[in-house]
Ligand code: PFF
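One chain follows as structure tokens, the form predicted alone.
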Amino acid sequence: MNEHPTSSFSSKFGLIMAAAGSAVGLGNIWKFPYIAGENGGGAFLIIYLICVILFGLPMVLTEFLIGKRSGKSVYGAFNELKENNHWHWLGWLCMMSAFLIMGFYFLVTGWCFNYLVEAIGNVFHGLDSEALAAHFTEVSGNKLRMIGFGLIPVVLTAVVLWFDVNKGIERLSKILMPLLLLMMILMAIRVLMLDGSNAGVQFFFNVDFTKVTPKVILEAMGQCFFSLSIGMGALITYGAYMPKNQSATYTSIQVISLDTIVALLAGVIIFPAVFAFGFNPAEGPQLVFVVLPAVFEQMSFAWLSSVLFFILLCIAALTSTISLMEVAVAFITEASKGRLNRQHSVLITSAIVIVLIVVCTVIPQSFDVFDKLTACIMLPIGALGMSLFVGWSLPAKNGKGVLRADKGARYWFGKVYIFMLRWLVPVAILLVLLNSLGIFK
């Protein structure tokens, strides 16, 4: 296979931290807790963990293997593994998905930075939940302010990607991911010391199978794919940078384990705090920006708790913006066939993202359109295409051989992996797709 046009990760640890950072993001800390809260807590958690093992692991491994075996970005990976095929549309779909997601994801990341600045300035002091809800509406409706804060993560991400992979993404990931985990553990310990926090722990971990409905199962499947960033090509891109002696199988297990740990820690931080002060755990997307600031205001060391939480949120968001933008940067660099270097591609990608941020801000409906289009249609189709490409389209020497050639993979695991990729995973993705489109009521 051909080498990727840019440098590779210099260490196994660096790749694991970067790939885990790609999966870990606002989906874990912002979305996972409120989705769990809306679907019964512990019952949802058990189904989610099963989905991660049955569907998440095969798809994370699939993306890593496509990247590692091809040595290409999503632009050339599918043609490299199987010449003269019609699967190159998957690469274009991944890039388009990444761009559309960046349009609203960078905007939400801008909200996080806005709230971090306000937390540092002690803006939330003395505000109750109603006042904080009004504040959130005011802040998110201030277009110039939101565009300005949305530019902060664009600039920070562009600076990281300006350098080669090992000097930019890898170096920062080795700092941000351990820092994120340390901060989450410290915050979890702090929250668990609150009076009344046991109710939140019981809600999150107590399993009541009477609450398991088809809707809960489908929501858990969807959250699994969303949380692990499956279907947008980020892990294909990182897989192309994987050291040759690194096992994609073991790396996949480590990545989903870290991603799940972060999601569990987010629940341990949020639910005990919410229950300790009598708030509703099923508050929806405003749980992070309205309910938690109100919770922190009632805690001792309120200012410090609020600041640390929003620092944590910004770090988690940045680890994902880096991988999202890298998909486009690698695609543009490779598609230019040497006419553009990494720095040129970073500038082009940043300019497009800024335009999309402005569009999502000025035309609020586009935010929801981009979100629904990617989460409900494009990402499921991308994941489905990848599973069918490796499971069915590749000839035996490249299909099963893609895994068999991977260091650390066992023969029995390869047979199970291909079976799941051919049958179970496509069915699960189709169900998620149909549920997202509102087919199941």
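Note that residue numbering follows the sequence shown and begins at 1. We call the rigid core whatever largest set of C-alpha positions still superposes within 1.5 Å between the two forms. It should be emphasised that the depicted structure is a prediction, and the values quoted were computed from it without experimental measurement.
FYI, the form predicted in complex with this ligand isn't displayed, but the following is about it.
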Consider the chain as shown here, without its partner, and state which of Leu312, Leu161, Val291, Leu324 has a heavy atom within 4.5 Å of this ligand in the predicted bound form. Leu324
Could you tell me which one of Ala23, Leu421, Met17, Ile429 places a heavy atom within 4.5 Å of this ligand in the predicted bound form? Ala23
Indicate whether the candidate residues Gly110, Ser140 and Thr361 are all in contact with this ligand in the predicted bound form, with contact defined as any heavy atom within 4.5 Å. no
Examine Asn28 and determine whether its closest non-hydrogen atom to this ligand in the predicted bound form is within 4.5 angstroms. yes
Considering only heavy atoms, tell me if Ser252 and this ligand come within 4.5 Å of each other in the predicted bound form. no
Partner proximity in the predicted bound form: Phe226 to this ligand, non-hydrogen atom cutoff 4.5 Å: yes
Using a 4.5 angstroms cut-off on non-hydrogen atoms, would Val274 count as touching this ligand in the predicted bound form? no
Choose one stretch from 302-310, 100-108, 176-184, 191-199: the one whose residues place a heavy atom within 4.5 angstroms of this ligand in the predicted bound form. 100-108
Any residue of 40-66 that, in the predicted bound form, places a heavy atom within 4.5 Å of this ligand: none
Once the two forms are fit on the core, has Cys360 moved its CA by at least 2 Å between the shown form and the other one? no
With both forms fitted on the core, check whether the Cα of Asn114 differs by 2 Å or more between the shown form and the other one. no
Would you say Gly67 moves its Cα by 2 Å or more between the shown form and the other one, aligning on the core? no
